[in-house]
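Only one chain is included here, represented as structure tokens and corresponding to the form predicted alone.
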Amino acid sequence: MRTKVTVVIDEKIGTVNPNIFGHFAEHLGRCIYGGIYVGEDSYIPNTRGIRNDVVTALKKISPPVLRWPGGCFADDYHWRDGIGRRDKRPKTINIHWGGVIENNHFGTHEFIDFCRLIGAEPYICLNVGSGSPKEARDWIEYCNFSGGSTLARERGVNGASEPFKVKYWGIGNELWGCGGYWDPRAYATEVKRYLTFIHGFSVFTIACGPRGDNLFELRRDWVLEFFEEFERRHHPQFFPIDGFALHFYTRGPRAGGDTNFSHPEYYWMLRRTSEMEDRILQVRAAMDAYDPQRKVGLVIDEWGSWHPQAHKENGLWQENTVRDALVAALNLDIFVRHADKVSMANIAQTVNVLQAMILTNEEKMLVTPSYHVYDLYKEHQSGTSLRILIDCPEIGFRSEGEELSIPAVSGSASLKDNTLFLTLTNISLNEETEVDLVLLSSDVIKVKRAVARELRGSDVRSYNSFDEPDAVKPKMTGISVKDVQRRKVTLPAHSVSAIQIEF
């Protein structure tokens, strides 16, 4: 199998916002308790109750931003339950995820502490479903005000004399569903009400966008009606939003389980993943009708693999195979290629839930194949996205009587200083591909250095377990300057490759 990859050095798309490599942590299953937070008295090594091993692993992949506390949990979360002495915090019921008792030991201060430890900017999702504008503006004042207000002084009493300076704030979560089943016009009106009371704090506000797997909501019922109502009857002091959030998970009845899937189910899941590109184009086009200058950023603050066996009863826990790593790579390539459209993306979720970066079991911890993709791709952050053209074979397969196909190779490219960073994914189950690499530039390109790493497993169903935590991990490849000068690169079957070429 042969593939031609053309990188147009002179055709710049836009700066790759580091935030598209963001993460998401919700009070769901063992994401927070046991995954991130174990308490200061735990035998598991920790810093102020936060697991040291998780912090060390996340710092390595340079997480730019972390979204919290949900998810569905956010619209039933009242922030005052999670401040002050932990032994005095109320015990509440997590109505969305199993009806378990939430002890609120991990609240605002602990979340900010965790973000600072891993080097991420905090992104807090406000409660719209069961909350109020007053509760929202008080939370922002508590976090960000540097003066002597009662809330700022209370923050100091609780251990933080300096403001947290939280920039990103979501105005509710999935308001079309678990956030309260609003219609888009009513939600747009509510967003304007919230903005009226929080605009004075100079924060970046993100409104809830559509559910990506509902095409009716995507094309008409949510995006266009939201913006139509949002911009109707402008007040002289109209306050805009800064971001608009799309959610799109890779899941469906033809994908099989997390580790028990057939070859057609393998390809169907990756084909489903590739639909993210259409969703971005559709939502951005609808947004452009009202925001042609693109002042409002497209945010994809929930995405990732969601397998059928991940139910509330197990806290949405699932294994993470090589196939999931390819899902991560295909999505990240799409985000990089559309750097002019996507301003943030947050994979779901950071620890122990859905397409997790990390899995824990008591004192044990491992990083997943998806984590390794983030490690491979982190060099894209803050680079300039370049046009990339891929001419490759289509892989045909049959799914429930339907003949389908998907391109064998995906990729993206970015430039930082004099270094080209190229990521390429070969999804073929059995065939490696020889890549003819073309670097188009108005300047003469002389390659000084080339290094590459690749991620693959012995099988697409391979995953890291607590008995074998390094079953799937990246390795250096034998690429050389001569290989790049000859424009010949080999991609193994079901693999992700990251290539740095210094000019």
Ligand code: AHR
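Note that the structure is a prediction, hence the values are computed from the model and not measured. Start at 1 and count along the sequence shown; that's the residue number.
One more form of this protein exists, namely the form predicted in complex with the ligand; it is left out here, but the text below deals with it.
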query: Contact test in the model of the complex: residue 350 vs the ligand, heavy atoms, 4.5 Å; finding: no
query: The ligand contact in the model of the complex: residue 333, any heavy atom under 4.5 Å; finding: no
query: Any non-hydrogen atom of residue 192 within 4.5 angstroms of the ligand in the model of the complex; finding: no
query: Residue 142, heavy atom within 4.5 angstroms of the ligand in the model of the complex; finding: no
query: Listed range touching the ligand, judged in the model of the complex by heavy atoms within 4.5 Å, from 464 to 472, 51 to 59, 446 to 454, 23 to 31; finding: 23 to 31
query: Within 4.5 Å of the ligand in the model of the complex, all of 302, 306 and 354 (non-hydrogen atom); finding: yes
query: Residue (of 411, 210, 369, 71) lying close to the ligand in the model of the complex, criterion heavy atoms within 4.5 Å; finding: 71
query: Sole residue of 247, 337, 137, 284 within 4.5 Å of the ligand in the model of the complex, by heavy atom; finding: 247
query: Residues from 166 to 186 in contact with the ligand (non-hydrogen atom within 4.5 Å) in the model of the complex; finding: 173, 174
